[in-house]
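Consider the single chain below, provided in structure tokens and representing the form predicted on its own.
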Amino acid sequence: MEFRCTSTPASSWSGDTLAVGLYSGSTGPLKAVLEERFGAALLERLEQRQFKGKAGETLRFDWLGATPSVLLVVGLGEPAEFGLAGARKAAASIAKAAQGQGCTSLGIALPVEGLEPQAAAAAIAQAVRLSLFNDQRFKSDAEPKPLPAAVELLGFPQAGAELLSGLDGLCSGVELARELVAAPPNKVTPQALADCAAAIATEFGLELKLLGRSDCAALGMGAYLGVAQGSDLPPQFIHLTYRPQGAVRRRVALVGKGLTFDSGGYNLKTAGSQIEMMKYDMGGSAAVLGAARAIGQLQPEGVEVHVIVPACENMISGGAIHPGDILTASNGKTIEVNNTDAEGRLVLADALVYACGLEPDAVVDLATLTGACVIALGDEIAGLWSPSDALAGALAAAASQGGEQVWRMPLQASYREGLKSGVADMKNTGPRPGGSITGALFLKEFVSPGLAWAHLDIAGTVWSDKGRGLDPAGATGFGVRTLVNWVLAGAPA
């Protein structure tokens, strides 16, 4: 699909499928446009078909031999509630209504007055492209629905490509993350993640460093290797680096949990625990690799970005770790493994130590870490933990800009007591209450004191059973837009 912004109004646009947004009660600035172009009879038809203008509601009208030949009317809800989020929802509804209908050119007219033009254009175009993502790689009888060849955003104050700069890079990063999360664990293995990183490095000129088992052992990564030792598949510790042209003003590290399959180990996941879905336990790694792909294409200035993925499987075998084992992380801390199913924090422990050794200005990790976060925030909002108000605020702003939702959670210091061990420096899990908080507190133990750090628990947001907004059912690619927007803003911390 080719996207364009144009100052051409809906009243004179000449493509084949026109989509127009109306507020609740069939009101709004575009009502007059509909009446002028299609006559008062159209408004009567809207009333006859009981169009209420509720957010996401759509109606289709066909005119054979006319231009446009199809009119889509989409509801926008109440005017006071319409903003960038409303524009995204409307655009996604329009795209889904137009998909597979033989539409070659789609014109979208939404009331963007009062919205910043570039932000509005990005929100609409991203919603159209990402909502039409349809992963059929593993279907032998796949029947892809045709997509519009051209999508024009109508009535913008200026025409040209500059309002949509970066669209392809960001969306391609999200789509890559979705494909990685959606693929089965026999396809996306630790080696497959390493191959993906190598492809990104080759295509966009990034640097790649891969550490094998012996390399990680030399660095003392006992926590990471402890999780990996139960699998027949060798671990792959991935380090991708984007270096900008010109001066480097900020250096940041993005760390993604890379469990390509999580059986739970000897604390085996049982029926009802979604063991069959544990392919998405590498959602954090998918997000940072998707961000790396986008950053490599967009080439932001002034920010050096290190992308780190400790990739492995958590399996059961004669060589797997036992509940009760004590592991030593690369910073020397000893960890009593009281639950082998709390493995994500173990692999992230050594990854965070490694990231901090690069002396960045900020570190952000993403992980499908805890079911407790899903209970607390559901499947639309990711948990955000950070001791830095500035970093937490910058990430929240970047998430909002991209249509992703995060909620800052407390790093309650007293809860650290729950991680105390009688035989080691700490346990890998605390009490059941506040489980997502103790998970974040565990990770904090492996971050250099004073370094700006944030943890995003994306356990609920990485997958959507039914689809939501611009995310179709399945893998969402959550986190890519937040990370890319944060880096493009200069990665403030």
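As the structure is a prediction and not an experimental result, all values here were calculated from the model. All residue numbers refer to positions in the sequence shown, first residue = 1.
The form predicted in complex with a small molecule is left out here; the points below concern that form.
Using a 4.5 angstroms limit between non-hydrogen atoms, residue 216 is distant from the small molecule in the predicted complex. Heavy atoms of residue 328 never reach within 4.5 Å of the small molecule in the predicted complex, leaving it off the interface.
Though the partner is left out of this view, residue 372 does reach within 4.5 Å of the small molecule in the predicted complex, counting heavy atoms only. In the predicted complex, the small molecule lies within 4.5 Å of some heavy atom of residue 280. A single residue from the set 178, 345, 129, 89 has any heavy atom within 4.5 angstroms of the small molecule in the predicted complex; that residue is 345.
Contact with the small molecule in the predicted complex, defined as a heavy atom within 4.5 Å, holds for exactly one of 416, 269, 408, 251, namely 269.
Checking 131-139, 398-406, 261-269, 184-192 against the small molecule in the predicted complex, the stretch whose residues place heavy atoms within 4.5 Å of it is 261-269.
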